[in-house]
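Coming up is one lone chain in C-alpha coordinates, specifically the form predicted on its own.
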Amino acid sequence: MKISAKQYGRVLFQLTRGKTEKEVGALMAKFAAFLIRQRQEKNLDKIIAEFGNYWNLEKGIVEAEITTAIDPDKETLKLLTGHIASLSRAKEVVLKPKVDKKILGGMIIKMEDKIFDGSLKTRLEELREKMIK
(Lines give C-alpha, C1' and ligand atoms only; values in the text may rest on other atoms or scores of the structure.)
Protein backbone atom coordinates (compact mmCIF):
# COMPACT_ATOMS: atom_id res chain seq x y z
CA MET A 1 0.00 0.00 0.00
CA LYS A 2 1.37 3.38 -1.02
CA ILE A 3 1.38 6.07 1.66
CA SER A 4 0.64 9.61 0.48
CA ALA A 5 2.52 12.77 1.44
CA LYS A 6 -0.64 13.90 3.24
CA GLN A 7 -0.63 10.74 5.37
CA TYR A 8 3.07 11.13 6.18
CA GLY A 9 2.47 14.78 7.10
CA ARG A 10 -0.42 13.88 9.39
CA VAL A 11 1.60 11.17 11.12
CA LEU A 12 4.55 13.50 11.60
CA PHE A 13 2.24 16.13 13.08
CA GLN A 14 0.64 13.63 15.46
CA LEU A 15 4.05 12.37 16.55
CA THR A 16 5.32 15.86 17.39
CA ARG A 17 2.24 17.14 19.27
CA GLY A 18 3.08 17.98 22.85
CA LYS A 19 6.77 17.15 22.52
CA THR A 20 9.67 19.29 23.69
CA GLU A 21 12.06 20.82 21.19
CA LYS A 22 14.67 18.20 22.02
CA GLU A 23 12.18 15.35 21.58
CA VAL A 24 11.01 16.82 18.26
CA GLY A 25 14.62 17.04 17.03
CA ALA A 26 15.24 13.37 17.79
CA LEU A 27 11.93 12.37 16.30
CA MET A 28 12.61 14.32 13.11
CA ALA A 29 15.96 12.56 12.67
CA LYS A 30 14.26 9.17 13.02
CA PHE A 31 11.45 10.21 10.69
CA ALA A 32 13.93 11.40 8.05
CA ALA A 33 15.82 8.09 8.27
CA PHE A 34 12.53 6.24 7.91
CA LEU A 35 11.62 8.27 4.81
CA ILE A 36 14.99 7.46 3.26
CA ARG A 37 14.50 3.74 3.96
CA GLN A 38 11.06 3.99 2.31
CA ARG A 39 12.57 5.88 -0.65
CA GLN A 40 10.29 8.85 0.06
CA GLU A 41 12.91 11.60 0.33
CA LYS A 42 11.75 12.96 -3.04
CA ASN A 43 8.39 13.75 -1.40
CA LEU A 44 9.91 15.62 1.53
CA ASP A 45 8.69 19.05 0.33
CA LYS A 46 5.12 17.76 0.01
CA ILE A 47 5.29 16.04 3.39
CA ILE A 48 6.56 19.20 5.08
CA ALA A 49 3.80 21.22 3.38
CA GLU A 50 1.17 18.78 4.66
CA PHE A 51 2.71 18.92 8.15
CA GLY A 52 2.43 22.72 7.91
CA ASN A 53 -1.24 22.44 6.97
CA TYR A 54 -1.99 20.38 10.07
CA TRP A 55 0.09 22.74 12.21
CA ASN A 56 -1.79 25.77 10.89
CA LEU A 57 -5.15 24.09 11.41
CA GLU A 58 -4.27 23.30 15.02
CA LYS A 59 -3.04 26.86 15.68
CA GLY A 60 -5.91 28.61 13.84
CA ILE A 61 -3.63 30.01 11.14
CA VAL A 62 -4.84 30.50 7.57
CA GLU A 63 -2.45 31.12 4.71
CA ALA A 64 -3.82 32.99 1.72
CA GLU A 65 -2.24 33.90 -1.58
CA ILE A 66 -3.47 37.20 -3.02
CA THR A 67 -2.79 37.79 -6.72
CA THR A 68 -3.25 41.31 -8.09
CA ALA A 69 -2.18 43.15 -11.23
CA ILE A 70 -0.27 45.74 -9.18
CA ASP A 71 1.28 45.70 -5.70
CA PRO A 72 -1.51 46.19 -3.15
CA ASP A 73 -1.02 48.97 -0.60
CA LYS A 74 -0.82 48.36 3.16
CA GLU A 75 -4.41 49.45 3.76
CA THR A 76 -5.72 46.99 1.16
CA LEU A 77 -3.68 44.16 2.69
CA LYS A 78 -4.99 45.07 6.15
CA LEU A 79 -8.61 45.02 4.92
CA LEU A 80 -8.05 41.69 3.15
CA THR A 81 -6.47 40.19 6.25
CA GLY A 82 -9.48 41.18 8.34
CA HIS A 83 -11.94 39.91 5.76
CA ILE A 84 -10.18 36.56 5.38
CA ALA A 85 -9.94 36.19 9.17
CA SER A 86 -13.69 36.71 9.53
CA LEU A 87 -14.49 34.36 6.63
CA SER A 88 -12.28 31.57 7.92
CA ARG A 89 -12.63 32.29 11.65
CA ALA A 90 -8.84 32.20 11.84
CA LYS A 91 -6.83 33.51 14.77
CA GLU A 92 -4.09 34.59 12.39
CA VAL A 93 -3.90 35.19 8.63
CA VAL A 94 -0.65 34.97 6.70
CA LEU A 95 -0.94 36.79 3.37
CA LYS A 96 1.33 36.00 0.46
CA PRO A 97 0.91 38.81 -2.08
CA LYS A 98 1.75 38.03 -5.69
CA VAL A 99 1.68 40.31 -8.74
CA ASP A 100 0.50 39.01 -12.12
CA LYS A 101 -0.16 41.68 -14.74
CA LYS A 102 -2.01 39.11 -16.89
CA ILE A 103 -5.10 39.32 -14.65
CA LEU A 104 -5.50 42.97 -15.77
CA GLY A 105 -7.24 44.09 -12.56
CA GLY A 106 -9.17 42.83 -9.55
CA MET A 107 -7.70 39.97 -7.54
CA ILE A 108 -7.57 36.24 -7.04
CA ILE A 109 -7.56 34.88 -3.48
CA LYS A 110 -6.44 31.31 -2.80
CA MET A 111 -6.91 30.00 0.72
CA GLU A 112 -7.15 26.48 2.01
CA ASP A 113 -8.89 24.59 -0.81
CA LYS A 114 -10.84 27.60 -2.12
CA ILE A 115 -10.19 30.04 -4.96
CA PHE A 116 -12.05 33.35 -5.18
CA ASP A 117 -11.45 34.73 -8.67
CA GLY A 118 -12.45 38.37 -8.98
CA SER A 119 -9.97 39.16 -11.72
CA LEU A 120 -10.88 41.39 -14.63
CA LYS A 121 -9.44 38.82 -17.06
CA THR A 122 -11.84 36.13 -15.82
CA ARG A 123 -14.81 38.53 -15.92
CA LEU A 124 -14.00 39.48 -19.53
CA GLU A 125 -13.65 35.81 -20.52
CA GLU A 126 -17.04 35.04 -18.91
CA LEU A 127 -18.63 37.97 -20.76
CA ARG A 128 -17.10 36.79 -24.05
CA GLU A 129 -18.52 33.27 -23.50
CA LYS A 130 -22.00 34.72 -22.84
CA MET A 131 -21.84 36.83 -25.97
CA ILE A 132 -20.84 33.83 -28.11
CA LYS A 133 -23.79 31.71 -26.92
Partner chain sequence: MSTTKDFIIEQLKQQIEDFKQEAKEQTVGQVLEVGDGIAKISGLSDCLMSEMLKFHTSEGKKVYGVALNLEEDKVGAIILGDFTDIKEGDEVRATRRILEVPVGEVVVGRVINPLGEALDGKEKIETDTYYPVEKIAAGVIDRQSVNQPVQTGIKAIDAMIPIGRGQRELIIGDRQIGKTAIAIDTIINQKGQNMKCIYVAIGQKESKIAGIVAKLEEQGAMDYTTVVLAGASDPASLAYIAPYAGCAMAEYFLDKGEDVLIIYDDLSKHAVAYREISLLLKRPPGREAYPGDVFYLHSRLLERACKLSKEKGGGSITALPIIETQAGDVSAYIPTNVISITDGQIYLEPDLFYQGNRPAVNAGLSVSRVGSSAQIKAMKKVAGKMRLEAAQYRELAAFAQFGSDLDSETKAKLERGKRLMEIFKQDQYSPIAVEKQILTFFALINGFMDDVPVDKINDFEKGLGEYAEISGAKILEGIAAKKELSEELEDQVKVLIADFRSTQDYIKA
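What you see is a predicted model, and the numbers here were worked out from it, not measured in a lab. Residue numbers count along the first chain shown, from 1.
The same protein also has a form predicted together with the partner chain, omitted here; what follows describes it.
Novice: Heavy atoms within 4.5 Å of the partner chain in the predicted complex: does residue 25 have any?
Specialist: No.
Novice: Taking heavy atoms only, is residue 1 within 4.5 angstroms of the partner chain in the predicted complex?
Specialist: Close contact is absent here: in the predicted complex, residue 1 is far from the partner chain, nothing within 4.5 Å, heavy atoms only.
Novice: Just to confirm, residue 113 within 4.5 Å of the partner chain in the predicted complex by heavy atoms?
Specialist: Answer yes; at least one heavy atom of residue 113 falls within 4.5 Å of the partner chain in the predicted complex.
Novice: Is it the case that residue 118, even though its partner is missing from this view, gets within 4.5 Å of the partner chain in the predicted complex, heavy atoms only?
Specialist: Output for residue 118 is yes: heavy atoms within 4.5 Å of the partner chain.
Novice: Between the partner chain and 32, 36 and 78, in the predicted complex, does every residue show a non-hydrogen atom at 4.5 Å or closer?
Specialist: Contact check failed for every one of 32, 36 and 78.
Novice: Note that the partner chain is not shown here; using its position in the predicted complex, name the residues of 1-30 with a heavy atom within 4.5 Å of it, in sequence order.
Specialist: Only a single residue, 6, comes within 4.5 Å of the partner.
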